[in-house]
Every structure is written in structure tokens, then in C-alpha cells.
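In C-alpha cells, one chain follows: the form predicted alone.
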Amino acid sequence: MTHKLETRDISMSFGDRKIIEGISIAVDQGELVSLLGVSGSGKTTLFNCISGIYRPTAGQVILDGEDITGTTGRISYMLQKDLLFPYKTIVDNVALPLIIRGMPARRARERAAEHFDEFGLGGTEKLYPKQLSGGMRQRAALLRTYLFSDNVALLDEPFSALDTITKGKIHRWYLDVMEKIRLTTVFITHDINEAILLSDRIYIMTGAPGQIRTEIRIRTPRGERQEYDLTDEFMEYKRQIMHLLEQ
């Protein structure tokens, strides 16, 4: 079976310091997979290797059966901050990846605007980032990420700066929109609750150098997780993950 995305025994060193070692993960079309671990376990370094920013010291990155190790521009990457340009309208911010790829600006705006309702951004096209809430800016940043590449998205703690109430709302929205667009996603988080609520599978990263300790598959489908954090099943996953991280 060909996975949408694979890393095969990825290791990365800077000089004599090994950051990650022997990391192999696989993500199938439409899956949302989380990397969960403490700070310093190498999650962002792994993302930089997957996206092509770093060429790993050893190992391969495979997309749709093709070796793309060290190649940029094939996988989209959304950082913790939304990085929207304050002097551009929301539609111009979102359309930027299409313009960079050579699409005429007017057509790029039209193409981007086609997705605004789907991403809960209808009516914000001509607004500026300062006029949107943090949650709405993250929606815009996610749409921009999707337009950069609808193959695979790497999301590095995209909701960590949001307050608890806003984060809860955007989690529910995110599950809805992911069901619609079926974007294959790898997600970094330090938030155990977030990982359980959003993921199909969770890879636990520990150690220095960072390694995959175990994989946890969430049994309840994403589309059936209303008030999931109040269930016994959720709490059992949380206890299991906390035990693994403490070890």
C-alpha cells in the first residue's frame, strides 16, 4: 500500500548534536496525524525535514511514492503565528500562494474567494488582519496553507496562541472543515486534549535525540466527537499519554 506521506528512518544532526533519530511515520490520504511530545523532542526539526527546509542527515521523505527528500514547495507548512501581511486584505493574503505560482492576481483572488464560505470566512474578503479575531486569522492562514498545496499540510501548533474558549470553537470548526476538504495533515501540538480531539492517530515523541516512542489510534471517528472530552474513553487516552510522557 502506498501512503500519502512517509518518512523512512529520518535522522538529523547539527554538528555532533543529534536532534532526531530513526523516525518513521506514515500518513494516509485524508488522515490527521499528530506529533505530541515535550519541548526539545525534535518535532519542529522533523517538520523542517519533511518540508524540505532541511535535508536530513539520513533517511527519506516520500510523497505519493516519490522521494522528495530535501525538496521544497511540495508540502505546505503553517507555523504557529498566522503571518498575515497587515497591509494586505484577507483575500490578497490568502491568494498569495497562487500569485507566487504565476496565477494572475485577479484570477487568484477569485479562486481564493471560492473557498471563503467553506472556511467560515465569508464577508471578510476586503477586511484587513487587524479587523479579525485571532481565530478568524487562523482560519485565513489555514486556507492560505491549503491553497499553497492541497497534498499535505504541516501545522506547527497553529492554535496554541488562542484562548481556551476560542480554541474550543476553532477545534469544532476544524473538524468540520477537515471532513469537507479531506486535507492530509500532520499536526504538532503540546496539548494532549487537542491531540486526542483532532487526531486519527497520535505519534508520541520523546527523548534526546527525539524518537517515536509509540503510536496511538483514536477509536471514535473524528466526525463523532461532539463533547468527546467529557467521555471515559477520552480520559483513558489522556491517562495513557500522560504516563508515556512522564516516563
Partner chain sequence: MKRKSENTTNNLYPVISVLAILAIWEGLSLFEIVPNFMLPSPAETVKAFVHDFGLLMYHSRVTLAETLVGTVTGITIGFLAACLMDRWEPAYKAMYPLIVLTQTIPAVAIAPLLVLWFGYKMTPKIILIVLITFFPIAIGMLDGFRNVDRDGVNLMRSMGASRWQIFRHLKFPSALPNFFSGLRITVAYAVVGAVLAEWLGGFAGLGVYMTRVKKSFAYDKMFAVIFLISIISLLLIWLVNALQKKCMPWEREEPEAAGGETEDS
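Numbering follows the first chain given and starts at 1. The structure presented is a predicted model; accordingly, all values stated were derived computationally and were not measured.
The discussion below concerns the form predicted in complex with its partner chain, not included here.
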property: Among the candidates Val91, Ala108, Leu143, Ile75, the residue which, in the model of the complex, approaches its partner chain to within 4.5 Å (heavy atoms); result: Ile75
property: Listed residue (Ala161, Leu79, Val177, Ala113) with a non-hydrogen atom within 4.5 angstroms of its partner chain in the model of the complex; result: Leu79
property: One stretch from 22-30, 200-208, 183-191, 66-74 that, in the model of the complex, holds residues within 4.5 Å of its partner chain by heavy atom; result: 66-74
property: Partner contact for Ala58 in the model of the complex: its partner chain, 4.5 angstroms, heavy atom; result: no
property: Partner contact for Pro104 in the model of the complex: its partner chain, 4.5 angstroms, heavy atom; result: no
property: Contact flag, Val152 vs its partner chain in the model of the complex, heavy atom cut 4.5 Å; result: no
property: Within 4.5 Å of its partner chain in the model of the complex: residues from 121-148 (heavy atom criterion); result: Leu127, Tyr128, Lys130, Gln131, Leu132, Ser133, Gly135, Met136, Arg139, Arg144, Phe148
